[in-house]
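Shown below, as structure tokens, is a lone chain in the form predicted alone; questions about how it binds or moves come after it.
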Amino acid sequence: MEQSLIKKNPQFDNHELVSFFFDKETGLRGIIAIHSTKLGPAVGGTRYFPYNSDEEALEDVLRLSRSMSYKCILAGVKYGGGKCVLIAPSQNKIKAKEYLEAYGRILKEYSTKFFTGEDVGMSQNDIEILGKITPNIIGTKAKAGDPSPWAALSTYYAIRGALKFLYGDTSLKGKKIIIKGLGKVGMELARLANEEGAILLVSDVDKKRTDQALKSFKNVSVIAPSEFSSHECDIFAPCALGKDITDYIAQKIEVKIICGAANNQLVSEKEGVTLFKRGVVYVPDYVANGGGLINVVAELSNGGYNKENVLQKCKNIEDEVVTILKESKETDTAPSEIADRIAKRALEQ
């Protein structure tokens, strides 16, 4: 794809690097995007997904890598933002070892500039294979491990921060929460909320996951994925693939708080403003789900991985959310805009 077309993409934000790659023998096709390395090497997961076109994949990787820059700043870790998307052939979820080895060789070329790990469509086993080929893999079992439980934990603390801002009380007891997407992060968030006495409404395209939730939790009901906006509730937690909050949904949804672990929950900046004007508290996704990032980059620290430090930084997200929401109220500005401003200021400095 020509550089002029990359720069014309609405998600392009003066990215430092955008690289397309292809391996004829294995069918490997993908894009690495590095948004910024001003604060440190770029970090961000690898996503394996059946995109409909190269343009769709490009838009996703540009937006996700920029969000990673912002996430690093709001999470208080000195790294930049990057991302890789692998364009899966149709709906094929199985990746041959040769395919992963080819990707590992590509990654090795960026070994000091871009660190990556698990994301949508990539398994822990995939990460273990890549970790044997190239040194810039984070989140292997021997070190930080699966980032999913930590992303769920930080989202849980972000919800507590939103509740504290609204009610002066962090408790989820008796609160009705819709969780859309019961992957590893969504299921763990459901467990945390359930333990505190929340009333759960859950949805997933995979019936096995909703059946598991019904068996595992009390005070839980199942709704169709398309029904999340037609139920009144205290909290909506999007934990699937993103872009759940369209302009139509932003004007319609009856909820006090939106705070979930999915990336790119808003279709555009417009929806964040609409939610704010309607009095819906929206916690920016890259603030809420920062725990996964905090966990994997901890293994890059000079002192090595420290679980207690990771836990404390996840807890700190609760106060970070309160700070953002207070500034939002004081300046009459949407929280999504406040978080973006904080990140942009840090990058400009």
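From 1 onward, residues are counted along the sequence shown. Keep in mind the model is a prediction, meaning the values are calculated, not measured.
Beyond the structure shown, there is the form predicted together with a small molecule, which is absent from this document and is the topic of what follows.
For the three residues Lys184, Cys239 and Ala262, a heavy atom within 4.5 Å of the small molecule turns up in the predicted bound form in every case. Val205 is the sole member of Leu214, Ala96, Leu166, Val205 with a non-hydrogen atom lying within 4.5 angstroms of the small molecule in the predicted bound form.
For the candidate set Leu107, Ala151, Ile178, Leu100, a heavy atom within 4.5 Å of the small molecule in the predicted bound form is found for exactly one residue, namely Ala151. Of the candidate stretches 272 to 280, 190 to 198, 140 to 148, 72 to 80, only 140 to 148 has residues whose heavy atoms lie within 4.5 Å of the small molecule in the predicted bound form.
At a distance threshold of 4.5 angstroms between non-hydrogen atoms, Ser65 is out of contact with the small molecule in the predicted bound form. With a 4.5 Å cutoff on heavy atoms, Gly174 does not count as touching the small molecule in the predicted bound form; it lies far away.
A residue is said to contact a partner when one of its heavy atoms sits within 4.5 Å of a partner heavy atom; Pro225 meets this definition for the small molecule in the predicted bound form.
The small molecule in the predicted bound form comes within 4.5 Å of a heavy atom belonging to Arg47.
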